[in-house]
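A lone chain, given as structure tokens: the form predicted on its own.
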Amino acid sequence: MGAGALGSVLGALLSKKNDVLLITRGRHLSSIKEKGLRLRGVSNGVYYLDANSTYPGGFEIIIMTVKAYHTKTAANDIKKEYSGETVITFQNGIGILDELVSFDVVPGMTTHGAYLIEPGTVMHAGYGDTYIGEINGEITDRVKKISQNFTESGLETKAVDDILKRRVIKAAVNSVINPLTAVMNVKNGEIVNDNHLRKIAKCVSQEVVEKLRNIGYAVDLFEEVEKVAKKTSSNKSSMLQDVSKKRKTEIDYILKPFINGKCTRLLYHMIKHIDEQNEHK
């Protein structure tokens, strides 16, 4: 559900062992229907997958990769045909789970890098770590079975007992990488390779980490930022992709919850300005 860049990569990998339906729209949908889905980068090939604009029901698992601000719309679409399927969310940001309370949700997170080259063609820019887990922290047979299936399909996945913490920390990492790459129009690796951007990233990280401490999460955030930025160095962050295409960003789900000083506030308002400018064009 929401097979843009990341959703397309996940769907293509999982299709090796599963029947997959991509839910997407526009030219990406028509191109996949006509010519198949092409992956480039660390994954290469053409995948001839079924694709549709709405969820028709009848599947065991629904994977959510829609933009955070489209969660409610996607949820309403699913409800029309929902019959108890497991819903796995790999979406970015804080507050997503609150908007999916009507479903049987397995939270997940992944750091695979992907961006759209053109309709029907996606760059798989970097392998990342993928985790799923139950909201209550229990390692159930369900998450064991799903993680095994995903791993055997080529999407290495681990079932963990702290998925909620991992999602928050990933959101914190994104709160540093995404807006900074979007404002400066650079790929992920540049924010740690360039000395000037590195200093800004450190300042943002220091403010965000204080927010994490307030909710009981002790982590060296800049170390995590550096690790992810290097691992996905050639990736264009989802926020940079949105800004480049003049689409609304997920800034209110990604950075706004972590605003805690001048660096985070300045970066937030820069992106909000870009959003407002693009909205009126």
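All of these numbers come straight from a predicted model, not from anything done at the bench. Each form is matched to the other, and the largest set of C-alpha atoms that superpose within 1.5 Å is called the rigid core. Numbering starts at 1 and follows the sequence shown.
The form predicted together with a small molecule exists for this protein as well; it is not shown, and the discussion that follows is about that form.
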item	value
Candidate from T71, N92, S205, T157 lying within 4.5 Å of the small molecule in the predicted bound form - any heavy atom	N92
Three-residue site M1, T24 and V66 fully in contact with the small molecule in the predicted bound form at 4.5 Å by heavy atom	no
Location of the small molecule contact in the predicted bound form, chosen stretch of 54 to 62, 27 to 35, 213 to 221, 233 to 241 [non-hydrogen atom, 4.5 Å]	233 to 241
Contact flag, L39 vs the small molecule in the predicted bound form, heavy atom cut 4.5 Å	no
I177, heavy atom within 4.5 angstroms of the small molecule in the predicted bound form	yes
R167, heavy atom within 4.5 angstroms of the small molecule in the predicted bound form	no
Flag for V106, CA shift 2 Å or larger between the shown form and the other one after aligning core	no
Core-superposed C-alpha of P119 shifting 2 Å or more between the shown form and the other one	no
Threshold 2 Å Cα movement between the shown form and the other one at G154, rigid core reference	no
